[in-house]
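Single chain ahead, written as structure tokens, the form predicted alone.
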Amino acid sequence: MMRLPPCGYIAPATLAEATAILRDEGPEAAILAGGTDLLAKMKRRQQRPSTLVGLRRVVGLRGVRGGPRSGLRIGAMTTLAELERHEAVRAHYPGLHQALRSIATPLLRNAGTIGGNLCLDTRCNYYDQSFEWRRAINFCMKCDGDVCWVAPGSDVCLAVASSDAAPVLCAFGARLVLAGPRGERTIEAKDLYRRDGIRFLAKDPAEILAAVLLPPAGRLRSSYSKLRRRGSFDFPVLGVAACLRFDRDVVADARLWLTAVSMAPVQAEEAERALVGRPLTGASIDEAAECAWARAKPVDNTDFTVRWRKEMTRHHVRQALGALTSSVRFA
């Protein structure tokens, strides 16, 4: 049986108190939301915080406010299951709903939070192993070592982004509210991520993701397509989030994001340009799929072979966009 290492636990009641604790404790502290990923990492000694700062008692971090016309404000401690069941999310933000349903299992979604999924640790076959296994290869640069075993000559960790919610929120143009010792600030969802498997979040360690701001649904049509070995539980080895806005039968705006093919979510900009100004047809979808295939650059550190994962980019882009063709008549 794997046990948690010794650590302290603090349960602040306010954001100000929580951010002050994180500032004072420094890098030895870790934020505990649902704990579905962090606690497992601690048991495997991948992370060893001396203090856990639990957010369950913090007022105002849970629940959904607003509506599809004005946009939604989602508290970061809202569980994935709560969000999955929310009528406005299901009816007006289907891409997000599909992504939420694909995360882990129903039991884990009852504990996991939207904030936790957005801040999910990057993953790699050389990192996501037991302590004894990692010690046998002399560890890796992400934890306890100094070599990236995926590419030993790399000076950057290549562990991949594995959040299902992140590419969808990037595609929606969502904003994130970060609370820190100096107050709150709002950033674009895409600006939270760095292409670095270790320092993958572009925020101060003392900052807490407090809320997600979804824009008005308007004419947006969205979908999410995910590749994984099993039909449940598994992290993505490829995820495609599509969000289109139509003007009659013509694509007026297109956003296409990929996950699990790099250290951060990847915007397929050429694929987006291939769609804009044209009806959504088989030809335009095929062109966008080719552009996204060129943009996907997976490395050999997750499930399946690299070549097959790259090839599946075409298929899953077609699947994500094809799901939106029936939406054109409602635009």
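Counting begins at 1, following the sequence as shown. Everything quoted here is computed from the prediction, not taken from an experiment.
We do not show the form predicted together with a small molecule, though everything after this point is about it.
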| property | result |
| --- | --- |
| Contact label in the predicted complex: residue 112 to the small molecule, heavy atom within 4.5 Å | yes |
| Partner proximity in the predicted complex: residue 37 to the small molecule, non-hydrogen atom cutoff 4.5 Å | yes |
| The small molecule contact in the predicted complex: residue 207, any heavy atom under 4.5 Å | yes |
| is_contact(residue 235, the small molecule) in the predicted complex, heavy atom dist at most 4.5 Å | yes |
| Sole residue of 220, 119, 174, 89 within 4.5 Å of the small molecule in the predicted complex, by heavy atom | 119 |
| Option touching the small molecule, based on a heavy atom within 4.5 Å in the predicted complex, out of 76, 83, 260, 241 | 76 |
| Options 244-252, 212-220, 89-97, 163-171; stretch whose heavy atom lies within 4.5 Å of the small molecule in the predicted complex | 163-171 |
